[in-house]
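Here you get one chain, nothing else, as structure tokens; it is the form predicted on its own.
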């Protein structure tokens, strides 16, 4: 059964507002609840994709907190913090690490309207010293109580929504897909709309079929394929 036009319009509307220049890198954040909550915040704000470095032998696991956000915000895994940081810097992102260092700044005093990556460590021990040394800017969320930090998922949400607030005020939140690489946009839209067909195409090494303006696949495909999102 083909995708309903209103569903296709919903998918396209969300993708049109995705921001490829805003992301998070999670260093050894392995609790399913935290990973799921962070991806849910990423989706709510409009982050295109996220990044993570896991402890040896551990894979990111999601729970119901994600509400399916992992389908819309892929989490790219990296072998080491150094590798992940180098990739983000190569993409032109400014790295803000949550760290209680002497040079750290109040997050509200920073400008997140440009290409931004928030780098967060596990709640128990925070960002590693080696990663903190590679940040463009250390940031902190001021605390009024006895504890010195927020839960990592709450901290991520706080930072992401501040970035969104600043970008909305500056009028730089994408509305027509300009936040996504134009070469990636049609493929991402197809993968969102028809994930099973997209997987089949990748398996046999063929390009994705074209879509009509209403979001229908514009060619005949094998009957066994599930066409709905």
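Positions refer to the first chain, counted from 1. The structure displayed is predicted, hence computed values, not measured ones.
From this point on, the text means the form predicted in complex with S-adenosylmethionine (SAM), which you will not see here.
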Looking in the predicted complex, any heavy atom of residue 140 within 4.5 Å of S-adenosylmethionine (SAM)?
yes
Determine whether any heavy atom of residue 86 comes within 4.5 Å of a heavy atom of S-adenosylmethionine (SAM) in the predicted complex, and answer yes or no.
no
Check whether residue 149 has any heavy atom within 4.5 Å of a heavy atom of S-adenosylmethionine (SAM) in the predicted complex, and answer yes or no.
yes
How about residue 79 - does it come within 4.5 Å of S-adenosylmethionine (SAM) in the predicted complex, if we only consider non-hydrogen atoms?
no
Would you point out which of 152-160, 109-117, 129-137, 71-79 contains residues with a non-hydrogen atom within 4.5 Å of S-adenosylmethionine (SAM) in the predicted complex?
152-160
Check each residue of 76-102 against S-adenosylmethionine (SAM) in the predicted complex and list those with a heavy atom within 4.5 Å, in sequence order.
98, 100
